[in-house]
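Before any questions on binding or motion, here is one chain by itself as structure tokens, the form predicted alone.
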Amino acid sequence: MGMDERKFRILQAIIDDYILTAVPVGSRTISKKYDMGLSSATIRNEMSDLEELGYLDQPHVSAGRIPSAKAYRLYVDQLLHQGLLHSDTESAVRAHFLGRMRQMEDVIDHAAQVLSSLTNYTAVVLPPSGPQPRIRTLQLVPVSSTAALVVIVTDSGIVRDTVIRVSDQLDSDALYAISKTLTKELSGRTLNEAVELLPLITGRMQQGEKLLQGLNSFFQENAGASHNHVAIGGRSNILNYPEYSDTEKARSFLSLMETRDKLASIISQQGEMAFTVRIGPETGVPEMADCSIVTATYSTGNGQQGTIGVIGPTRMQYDKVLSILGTMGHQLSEMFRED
């Protein structure tokens, strides 16, 4: 006895129904709601076979069946094989990113909120990791007689800015000249390398002491600014699902959401796979035994790769989640690759 087309259609209907209702599914439900041209008795027999094959569980003797982790795995693998992106999903994701944000942390935080809003699950977004971005340009723009806005653009299109103190003897022409010098000297350098070079460069400039202090502090802060940044959206969304109505179970999950280092290691996706789907016990995390984790990657175009992920109950809407993750990963990659 194996999985044939009829069994798979019945299994798919059971999964679809359980995802929407969280209620064990019986043969009469499938017979009434899904036009399969099969009698309730035939569906019941097929469901018994599916249970024997390990695709269905029966929580109570008189209750209907619920999908097992093995069933969700087959379901997801089929979705991945068929392709995922839908135009309506792509439009929804793009609508949230029409305005470009300047700081990487802003983009990541916003992506987590958008992802949780579109899926109604918990979303986690990790910053890119890999080679440190290199400086492309640096500009100093006067905002007052003693302050200037410093703007750095990296080779991955990421923009960082802050206001620093400068000498009141540096007018706009002087700041423009310094910007050209700093861009020439630091272009192609990492932020860590720039920290070491700054004293030598500013030492040759008049009134460069305050400028050095401001730039040095800014570079040091941003050299590893996004390294430990883990953006989380919809922490409590899991509480909307009956699987986590148990107080202790919910508390354990929410506690895990506060341990950012552990969460980052759980979510982090390595390699070239477009998606990774871990269902129930496959997560390897006791607090997520009844959850699934779906992740995708995005890139900045200079060898750095980040991860976006969704955490929800095992009966999550995998087709919707995979579609949204695929579109968002593409959108983030495009944003970071733009000049």
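All values derive from a computational prediction rather than experimental measurement. Don't overthink the numbering: it's just position in the shown sequence, from 1.
Omitted from view is the form predicted in complex with the DNA, to which the following refers.
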Could you confirm whether residue 24 comes within 4.5 Å of the DNA in the model of the complex, counting heavy atoms only?
-> yes
Looking at the partner-bound form in the model of the complex, is residue 7 within 4.5 Å of the DNA by any heavy atom?
-> no
Non-hydrogen atom contact residue 44 with the DNA in the model of the complex at 4.5 angstroms = yes
Could you tell me if residue 60 has a non-hydrogen atom within 4.5 Å of the DNA in the model of the complex?
-> yes
Of 274-282, 305-313, 34-42, 289-297, the segment with heavy atoms within 4.5 Å of the DNA in the model of the complex is residues 34-42
